[in-house]
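A lone chain, given as structure tokens: the form predicted alone.
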């Protein structure tokens, strides 16, 4: 799965050439961007101050991550939960399978968990003779469709339209084809209800871990999360070590940021704070609760120049506003996390050598940085990854040579001015009087999929000189 990130250019080309996919993502872009803008504008206080507060909470945790994790383990254990630690995806799979076997579980119902995607947990459960059932509607659609990977962290099946889902349900459920969204969701609900009632174990991710109470907080717009965490006798939480927050008050602050940035809501439909196991006076809840706290590359970022990436609260705003993601969707990125945050995380977690194109899968327009609720400097992190690729010789020699020549010339103003004049003349010659260049001579790859705009007028230095002469 990880190696698929190396095929970004091919996958991006296929996505751009798919008219239906382009249509599907156009609607998604307009929906998410518009909803966030309305929610932010309607916020009664200063949203930038709220972002500052969110960043401060996340930085406070990351600066003393070990302390907060130890406190969480202490409090969760006091509430009857078992806290386990996993180094990577293999250990996640081993521990989940062992828990299922210990409790005789044959069916596991799942709420959405991106870490289970990182670990390819469904494959491991199936191999062990345990049936995994996705209960998030988007993830359920993808499972029916042949275990497709998600294309968006909030809307996993965003690449599919209504007709495709209608055809899929008719085929898999064996019922008359429906084309109304309420009818399709009811059909899914009816199919999943049997699994909710018969499952031996529930598995969820966690939006946040709350250190002072040893709790996990789940934020969803579907009721499946509560079914997964309360009906089975065993509840397993799989989440990254960076998801910790110190207090319930901190969680409340971040909850003012997360839904507004993600789906344009003041509050999500369901916010659950799960603590410990079922008590004597409780009407529902698990008899056994396990937390699997996962590293999988996260600890290596603490204290590094990439630590700000661990602030991420997985709202998806960066990808919703990214012109690259808006054009190609999520599958082109080749791993679990797409968009700007995915370009950084995939490169850091799977290795730069396995994701050569992802640091370059951005225009550095800073739309992602502007909308990030916890102020992650995504363009700056992407630029640093590009620098590291060049330092390690992972980019083509021709590219590295061109950049070195550019840097050398740029430090010599006279030579730079001369090179600019020659370059403009050359580009105008290629254009042949037109306003577009169809084939960019020395770099034909730039025009393989689009035309290059021809230079208009004179260079900046020429215009600046003319302005100075007018002043005198």
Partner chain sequence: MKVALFVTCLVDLMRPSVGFAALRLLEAAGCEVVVPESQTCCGQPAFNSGDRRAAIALAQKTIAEFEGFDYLVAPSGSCPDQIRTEYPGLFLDDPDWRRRAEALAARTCELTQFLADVLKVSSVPGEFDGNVTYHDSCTGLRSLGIKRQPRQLLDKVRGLSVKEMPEAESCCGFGGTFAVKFGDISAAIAERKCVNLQAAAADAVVGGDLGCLINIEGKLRRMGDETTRVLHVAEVLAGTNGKLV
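Positions refer to the first chain, counted from 1. No experiment lies behind these values; they were computed from the predicted model shown.
One more form of this protein should be noted, the form predicted together with its partner chain, which is absent from this view; the next part is about it.
Heavy atoms of residue 432 never reach within 4.5 Å of its partner chain in the predicted complex, leaving it off the interface.
Contact annotation for residue 314: none of its heavy atoms lies within 4.5 Å of its partner chain in the predicted complex.
At the 4.5 Å threshold, heavy atoms of residue 12 reach its partner chain in the predicted complex. By the criterion of a heavy atom within 4.5 Å, residue 53 is excluded from the residues contacting its partner chain in the predicted complex. The partner is not drawn, yet in the predicted complex one stretch among 259-267, 214-222, 385-393, 175-183 has residues with heavy atoms inside 4.5 Å of its partner chain: 385-393.
When you look in the predicted complex, the only residue of 207, 95, 367, 122 with a non-hydrogen atom within 4.5 Å of its partner chain is 367. For a residue to qualify, one of its non-hydrogen atoms must sit within 4.5 Å of its partner chain in the predicted complex; none of 126, 196 and 198 qualifies. Applying a 4.5 Å heavy atom cutoff to its partner chain in the predicted complex picks out 443, 445, 446, 447, 448, 449, 450, 451, 452, 453, 454, 455, 456, 458, 459, 460, 461, 463, 464, 465 from 443-472, in order along the sequence.
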